[in-house]
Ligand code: GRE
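Shown here is one chain on its own, the form predicted on its own, set out as structure tokens.
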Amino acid sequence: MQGKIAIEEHFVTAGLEHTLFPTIGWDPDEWADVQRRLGEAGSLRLEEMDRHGVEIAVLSLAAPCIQLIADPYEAVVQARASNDALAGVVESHPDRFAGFAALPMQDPKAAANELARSVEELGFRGALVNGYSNLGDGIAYYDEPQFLPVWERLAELGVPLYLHPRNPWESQMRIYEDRGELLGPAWAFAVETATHALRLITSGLFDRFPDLTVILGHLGEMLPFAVDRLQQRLSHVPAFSLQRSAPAYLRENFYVTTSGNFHTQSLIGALLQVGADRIMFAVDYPFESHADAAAWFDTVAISEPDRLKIGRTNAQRLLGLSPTETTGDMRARAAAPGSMR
């Protein structure tokens, strides 16, 4: 499929390379190549996109970056600098790149203001945060009341927040002791991020702001397959009450992406749980490859209307990237040979 929009594609500035999550068992040469690709947002990235039918990549900082910085002032400075750097990248290829803002959640009011600046002045399409934020000697999750200014600003601007993974805080890693291979994207990322998303749901955040949109990668960090079990058990807790069911919040306030989870059975399960209108294509470049993502997605056994929605038009609609093409237009476009560059 030509014309795909990939919405979880990462970069890093030179000043934040030291904040990348530690590698577990990566081949050193492979990790060096990942780092090289993270720092490049020009011909190499565009050639990969062209080769595999990706027209637009929505770029965001890799993990954990800003969220790792415990000092609020430094987090604000670094977030602003990285957003300015990303704006320059997008400006250099405005037909190929879009941006998600990095937010210094360590200072919620500053984060709200940086979100507004990034959307209104830099033209970004929303924000991406890499899990909980370090703060002094502790951490903070975003269902806590101090983050209401950020959620209020997201609601006012009508843009989504992408909740991206990071590893659990050090004090909560006992279960992974002597099993470091389970950290990171192998397992711990999904558990940490899914739990964070459930904190948002059960806090009543979406009752307070019913139009908020949160994006989860990796086909929903396993939530499409677990949310009904959650609801079944919550129904036995008389003291707990929300305006809607947990599956309803997942269907109505969340989108999920295919980033790094190119698995047909999981996609079918997500389609049955959240629907084709709530799934978007992503690669997770450069931690994953365009070749793997496109080879799977372009041939996966789903209907062509669903492939079009997931591959392009859902992202167009949510992020306002360009006027949505008709199915007929898109099919003609997909059949046309040649580079999109």
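From 1 onward, residues are counted along the sequence shown. Predicted model only: the values in this text are computed from it and were never measured.
Note that the form predicted in complex with 2,6-dihydroxybenzoic acid (GRE) isn't included here; everything after this is about it.
- With the partner omitted here, the stretch from 268 to 276, 297 to 305, 55 to 63, 311 to 319 that lies within 4.5 Å of 2,6-dihydroxybenzoic acid (GRE) by heavy atoms in the predicted complex is 55 to 63.
- 2,6-dihydroxybenzoic acid (GRE) is not drawn, but in the predicted complex it has a heavy atom within 4.5 Å of P185.
- The shortest heavy atom separation between F189 and 2,6-dihydroxybenzoic acid (GRE) in the predicted complex is within 4.5 Å.
- Three-residue candidate spot E8, F21 and H164; every residue lies within 4.5 angstroms of 2,6-dihydroxybenzoic acid (GRE) in the predicted complex by at least one non-hydrogen atom.
- Heavy atoms closer than or equal to 4.5 Å to 2,6-dihydroxybenzoic acid (GRE) in the predicted complex belong, across 285 to 305, to one residue only: F287.
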